[in-house]
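In the block that follows, a single chain appears as structure tokens, in the form predicted alone.
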Amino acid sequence: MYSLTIALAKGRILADVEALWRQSGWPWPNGERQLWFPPSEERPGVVVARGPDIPKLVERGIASFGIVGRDVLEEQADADILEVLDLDIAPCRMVLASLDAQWPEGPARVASKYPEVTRRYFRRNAHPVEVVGLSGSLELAPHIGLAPYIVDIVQTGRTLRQHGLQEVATVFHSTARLIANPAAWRRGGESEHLYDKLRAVVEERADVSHRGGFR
């Protein structure tokens, strides 16, 4: 009987998480609109939530573990959680983009859903920046005069190209990560068992990929 709960980020990474979950031997919780599945004999409990909420749920102990993209963790770098495993799924990139693909000559004005990531990136590059926080429609910002640059997550870059934008630089590469509540992690036991199952699947997938891919 499982007693722990894992918080899963809804959206783009959930399909990859489902494949990993099933390969771990756990039945995938089914429910068209259900967001909470209590622990059972066969699998850990599941909470499905927005990506930015996952670190908070784990930090507060609502879930002992969480699966979320590195992009979210970089934005919430002060969260009291532990990043314990790179799951090597849902790959994407955080990029700086503009209409002309040129690095800004003077102070940069950048629209982003990731203001902390953006500020840190420009600080590392010793470049002044003004961040305009937006929750969506970032690709419009350069066209309507809100900000000539954006920082956002891309997978193929197709959406950028459709809006006439070009990549200036890659801020970092992102994959989904397993995070843990520090207290739950220190207790070991079931936490260690859950971690070991997921790590074994990640290592098996890496080995299969190295040998020529899944068949």
Partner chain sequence: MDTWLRENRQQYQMFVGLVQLLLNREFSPLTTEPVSAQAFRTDHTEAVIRLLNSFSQDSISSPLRVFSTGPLFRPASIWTDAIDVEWIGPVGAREEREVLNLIAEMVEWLGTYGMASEDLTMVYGHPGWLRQLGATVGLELSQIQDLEDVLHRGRLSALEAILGSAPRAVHHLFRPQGPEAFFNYLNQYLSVSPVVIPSPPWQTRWDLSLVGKRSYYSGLVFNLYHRRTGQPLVTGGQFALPDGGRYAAGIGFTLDMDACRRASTEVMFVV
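This is a predicted model, so every value here is computed, not measured. Positions refer to the first chain, counted from 1.
Here the subject shifts to the form predicted in complex with the partner chain, a form of this protein not shown in this document.
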Notebook entry, point to check: When you measure heavy atoms, are 83, 185 and 199 every one within 4.5 angstroms of the partner chain in the predicted bound form?
Noted result: yes
Only hit among 52, 61, 164, 157 for heavy atom within 4.5 Å of the partner chain in the predicted bound form is 61
Which of 75-83, 136-144, 106-114, 88-96 lies within 4.5 Å of the partner chain in the predicted bound form, heavy atoms considered? The stretch 75-83
### Task
Flag residue 207 as yes or no: does it have a non-hydrogen atom within 4.5 angstroms of any non-hydrogen atom of the partner chain in the predicted bound form?
no
**Request:** Tell me, yes or no, whether residue 192 is in contact with the partner chain in the predicted bound form, where a contact means a heavy atom of each within 4.5 Å.
**Result:** yes
Residue 174: heavy atom within 4.5 Å of the partner chain in the predicted bound form?
no
